[in-house]
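Below you'll find only one chain, the form predicted alone, shown as structure tokens.
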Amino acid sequence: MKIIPSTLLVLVVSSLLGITTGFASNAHPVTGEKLANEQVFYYRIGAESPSIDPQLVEDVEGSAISRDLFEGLLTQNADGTLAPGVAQRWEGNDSKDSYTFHLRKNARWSNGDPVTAHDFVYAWRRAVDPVVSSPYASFMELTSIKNVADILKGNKPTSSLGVKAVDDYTLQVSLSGSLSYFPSMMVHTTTFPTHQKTIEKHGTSWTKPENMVSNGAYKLTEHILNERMVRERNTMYWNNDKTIIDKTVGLIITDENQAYNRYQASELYKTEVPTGQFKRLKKQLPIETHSNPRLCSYYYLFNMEDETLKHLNLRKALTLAINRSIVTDKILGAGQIPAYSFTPGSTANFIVPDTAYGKMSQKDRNKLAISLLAEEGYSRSNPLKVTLLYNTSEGHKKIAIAIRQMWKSVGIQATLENQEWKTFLSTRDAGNFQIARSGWCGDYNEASTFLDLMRSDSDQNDSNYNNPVVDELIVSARTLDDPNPNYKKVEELIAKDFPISPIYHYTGVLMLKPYVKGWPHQNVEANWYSKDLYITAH
């Protein structure tokens, strides 16, 4: 079915206001609001990202930067619906196992080169190349592009990937099975194009400001490690005339309270609400304090290859003893939802299943946890000893301290260990932990974006969970008209095997200056683009 491109923003030309092209009158062309003379957006980045290379980026902060610097086939409107990106239009065949994307001919790289279908072929082959070792290679397998699984296993060359440039401006994708939500997956950074000549010339240093060639609304102009990242308008961007924000400055501030102090001083226009401060700030600054629905889950991973945590009773006891209501109501207090399943209820067309322990009272959960620990020879006088790893953050620390106390009450003694973000990711990815904090935000709005992490061969399966039934249910769900029965069974198996301990489903809590307009509060994926923002006079 052909998808009609959404209406593009039309500039209002008014001789009365003195607008010809651009925004010479300092008035927004649609709303008429008076614009600030300086269109610079300052915001907090919580930690230095391991990479902003579209095929290597794996964290939320890095993805936001990548979305500004690069543009994929499709993008999103403020409410999360699909909108044209480099592709002006697209269509799938009746069986939804083949899609064709028609690229706009005025899309340009920041060096002036045209963006073509060949750039996408190059990037997608790069994403599945075992030599590149993309942390999101498993995402490409989720797309069901033909031959992707064999390529990832090293059984076929990347040239066999089911994607081809019919001509410079037509990209055709062949899938191994029907996938109706395939277009929505094209918003993910892993599918963004990359400039082959630049990568071949500069290697791993191609993402440095002086080397990078990008095709998004912005280009990287400054990167000071652990301090700041600056991106400025890319004059070659096809829709540059409609862009209002001239520069976006991301300041890397790991301490949320320090970030809030700088927000109060107007050095930042956006930051996160400090842990536990939402209710107070909502009363004091109601216009600036926001709680938005999010497609995210917060959970603890159990390393199932650890000699201690191989025991189901221990993983179950650790999960049961967590009082989720204390975490959501007392520590966070911003509408977060206690989680007894991995997939959040905000996921499109997903019905959250009941779990046995989710229907119990906390008193009964604690009683059962004590009984399970006793079966394994542990008690308050002879506690189970575990180590919990989390990345440096005041919020994660507060939650970890609270859960440590909950565990202590049933006979579990936890040692807390924190590491800065890059080190934490490396440690967790290498499996050098017993229990580790984790969070996952959906890469697209469908339950498989969560449940695929439970596949035994998923790059993101840091628990080392291996259940052949789960693998089969997830893979077979991709071609079902109604995959929900499969998803329900997977959630039930997770709640039986306990490879993870779901703790809460997120809300997006943030502080945003009232003069920053265009923020996509209703996008549950929380994908934002500087090109859609503007600063009003203040």
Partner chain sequence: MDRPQNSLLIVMYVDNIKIQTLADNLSDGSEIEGRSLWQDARHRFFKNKAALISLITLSLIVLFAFVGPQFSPWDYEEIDWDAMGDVQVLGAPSFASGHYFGTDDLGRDLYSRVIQGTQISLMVGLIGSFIAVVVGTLYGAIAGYLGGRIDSAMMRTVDILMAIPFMFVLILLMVMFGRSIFMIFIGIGLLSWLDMSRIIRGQTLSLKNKEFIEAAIATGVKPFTIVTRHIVPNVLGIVVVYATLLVPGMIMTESFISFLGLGVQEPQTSWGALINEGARTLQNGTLWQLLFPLFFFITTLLSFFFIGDGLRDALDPKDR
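Basically, rigid core = biggest C-alpha set you can superpose within 1.5 Å across the two forms. Numbering follows the first chain given and starts at 1. As the structure is a prediction and not an experimental result, all values here were calculated from the model.
There is another form of this protein, the form predicted together with the partner chain, and it is not shown here; the text below is about that form.
Residue 394 is the only one of 272, 113, 306, 394 with a heavy atom lying within 4.5 Å of the partner chain in the model of the complex. Residue 418 is the only one of 147, 240, 418, 196 with a heavy atom lying within 4.5 Å of the partner chain in the model of the complex. Remark: all three candidate residues (280, 326 and 406) come within 4.5 Å of the partner chain in the model of the complex, counting heavy atoms only. With a 4.5 Å cutoff on heavy atoms, residue 427 counts as touching the partner chain in the model of the complex.
In the model of the complex, the partner chain lies farther than 4.5 Å from every heavy atom of residue 182. Proximity of residue 398 to the partner chain in the model of the complex: non-hydrogen atoms within 4.5 Å are present. Using a 4.5 angstroms limit between non-hydrogen atoms, residue 109 is distant from the partner chain in the model of the complex. Only one segment in the set 349-357, 168-176, 72-80, 259-267 has residues whose heavy atoms sit within 4.5 Å of the partner chain in the model of the complex; it is 259-267. For residue 189, a C-alpha deviation below 2 angstroms is recorded between this form and the one not shown after rigid-core alignment. Superposed on the core, the two forms barely differ at residue 235: its CA moves less than 2 Å between this form and the one not shown.
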